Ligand code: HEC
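Only one chain is given next, in structure tokens, and it is the form predicted alone.
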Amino acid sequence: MKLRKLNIVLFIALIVIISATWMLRRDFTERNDEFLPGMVESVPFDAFAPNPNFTDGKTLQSPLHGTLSRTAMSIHYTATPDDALRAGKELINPLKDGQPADVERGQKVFASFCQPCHGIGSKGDGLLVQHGFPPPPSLLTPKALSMNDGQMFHIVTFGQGNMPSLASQIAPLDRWRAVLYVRTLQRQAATLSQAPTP
């Protein structure tokens, strides 16, 4: 008897649900009802809407003269060899202390952007070179070893020879980290070359 009553209640509930679903079916030609309309109609001013709170009447304000975003760097150089030398004298790597996290990040940046041409050990024998791309200079030569960090940063930023500018792909701090990692590779190569042969 109890099972029969339960079946009747469930059958009635099913009929109610089917009826409610049919009666409340969506009309795709009309907009949906809005629940919490404040999520749709934003209270703040839109970027290009007039705004009486500012003297020029605009919501979107220009940055103050001379301001830079946190990640931007003011680099007053051009893509010339002379400016690369000047950058070598004027720019100092802000990550000179070589924290392990910075070197590790520099290794990832190097692997993504430099290694295809320069190779794992930065000898200029990367995968692209093995498939016909003109080889870049080794970063272990005396010329590369004598470069200042700022000059390397300039080359990564503006490019040189067949190497394109990587400024749009690599953030400034990551460029410094890549230079830091190259210095690590150079030190490792120097240590191996000075090791006594058995």
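Start at 1 with the first residue shown and count on from there. Note that the structure is predicted; figures quoted are calculated from it, not measured.
As for the form predicted together with the ligand, it is not shown, yet the points below apply to it.
The closest non-hydrogen atom of residue 103 lies beyond 4.5 Å of the ligand in the predicted complex. For residue 114, a non-hydrogen atom is located within 4.5 Å of the ligand in the predicted complex, even though that partner is not displayed. Contact check for residue 150: no non-hydrogen atom falls within 4.5 Å of the ligand in the predicted complex. Of the heavy atoms in residue 131, none are within 4.5 Å of the ligand in the predicted complex.
Here the chain stands by itself, but in the predicted complex one stretch of 28-36, 58-66, 139-147, 45-53, 139-147, has heavy atoms within 4.5 Å of the ligand. Heavy atoms closer than or equal to 4.5 Å to the ligand in the predicted complex belong, across 169-190, to the residues 170, 178, 182, ordered by sequence position.
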